[in-house]
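Following this are structure 1 and structure 2, which are two forms of one protein chain, each written alone as structure tokens.
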Structure 1
Amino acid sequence: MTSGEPAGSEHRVSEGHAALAYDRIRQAVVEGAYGPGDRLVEQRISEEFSLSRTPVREALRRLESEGLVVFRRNRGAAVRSMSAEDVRDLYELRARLESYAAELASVRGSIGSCDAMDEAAEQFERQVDRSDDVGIARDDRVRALSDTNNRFHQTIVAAAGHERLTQMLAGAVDVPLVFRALRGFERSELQRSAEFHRMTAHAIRRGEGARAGRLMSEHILLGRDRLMEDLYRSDGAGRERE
């Protein structure tokens, strides 16, 4: 630490304060603690996390480049709010990018990465099967499901071995939406997702890139359609808070 902290009060600073601020703000946005349109005032956030404004500012600009927040000149950051068209477009884009990733993974992926995909797909399936276990809070179940789902998709992206594509997908997968989508899924829809995971992984393992790409695309677009039904039944979602 430079000066402020009592030294030893945190677990690990190894990643720096900026990265910490980034993680925390991101999680808050992803899980909806900060809703679309909410302003993200640097001063307030830095106090909330007991940091200075500098790393917070850096984190916000990084989130901006990932599209999670928007900046308005001399007005600072606010959580991005998306219209129905934005959601539709974003998912189409993501479908194309991940479809490309699946194609590449079919060609470049190692046996090990295929095993990792299968492992994630199987865990997802098990979590779906246990999805009405009342022992766990709903939000925790969704979070676990979301984590596993992310791991499956990220394994494929990693197997594609395309650094720039990886970087882009980090920004194109609008995690708040994915989280919300999984939250709204019925059990049968989760099972269908699991099915697509298996089929996609299988196609990749066999080196059938075109099929893998189409399956991945369809998987994502199915998720989109379901999500949009949800979003525009309950509330307008294009709304601005405040």
Structure 2
Amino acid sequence: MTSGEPAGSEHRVSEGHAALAYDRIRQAVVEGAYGPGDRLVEQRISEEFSLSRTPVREALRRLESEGLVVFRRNRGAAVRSMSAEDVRDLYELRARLESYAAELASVRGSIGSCDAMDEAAEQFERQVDRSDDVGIARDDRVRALSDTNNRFHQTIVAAAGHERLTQMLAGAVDVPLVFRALRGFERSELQRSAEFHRMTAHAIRRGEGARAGRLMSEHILLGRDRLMEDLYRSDGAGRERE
């Protein structure tokens, strides 16, 4: 740091590099550029993103705390792998937790939070309408779907006003799996998701907690079913090659 730079600027640069490394590695994991089980070698990632190893190491530790990365003894970091049973268990846990969040939101939610749900549902629906637009790169379309889908679910969790439930859901929602599901959905399946968003938001606004909970659970379990089909199909193809 030169004498003309303000105190603390070097620290801010370091924090900026760590944040950049986190954003880039996380995006690569979420979107499947780094697949389940892939080793995340610090030196290789540093060269790929033109960063030093220190912010890369910090980013990997942060991703470990989020459950996206695991550290193995004598092998270093790797993208977390999940079996079909892991996927089933995680989605069923998420369905129960988020169903409860929808029930609470119907009681604790404000007019403002209900308006936010409606707006998020409409944003997702607009992205569904654009999902076949060949003028937009496929990954960009899926990113937009993923972002607006996450926004809708987060508005419900926020409206539930339950801090511990929010923390539990942070560990139960596997973002790469959600991204994979959205990437594989047919247009009709995306439209079905949009309809579930609308119906759930409507039930919450009307204070129909039990109905909102059932709708949310069914919505999430339908996503589980599609992922399980993909996993079994991939597993079967792998066995045929063997």
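Take the two forms, find the largest set of C-alpha atoms that superpose within 1.5 Å, and that set is the rigid core. Source: prediction; values computed, not measured. Along the sequence of structure 1, residues get numbers from 1 upward.
In this pair, the copy labelled structure 2 belongs to the form predicted on its own.
Scanning 81, 142, 126, 29 for the location where one rigid part gives way to the other between structures 1 and 2 picks out 81 as the hinge. As a two-part rigid-body motion between structures 1 and 2, the smaller part of the chain turns against the larger by 16°, taken from C-alpha fits. On rigid-core superposition between structures 1 and 2, the C-alpha of residue 46 is found to move 6.8 angstrom.
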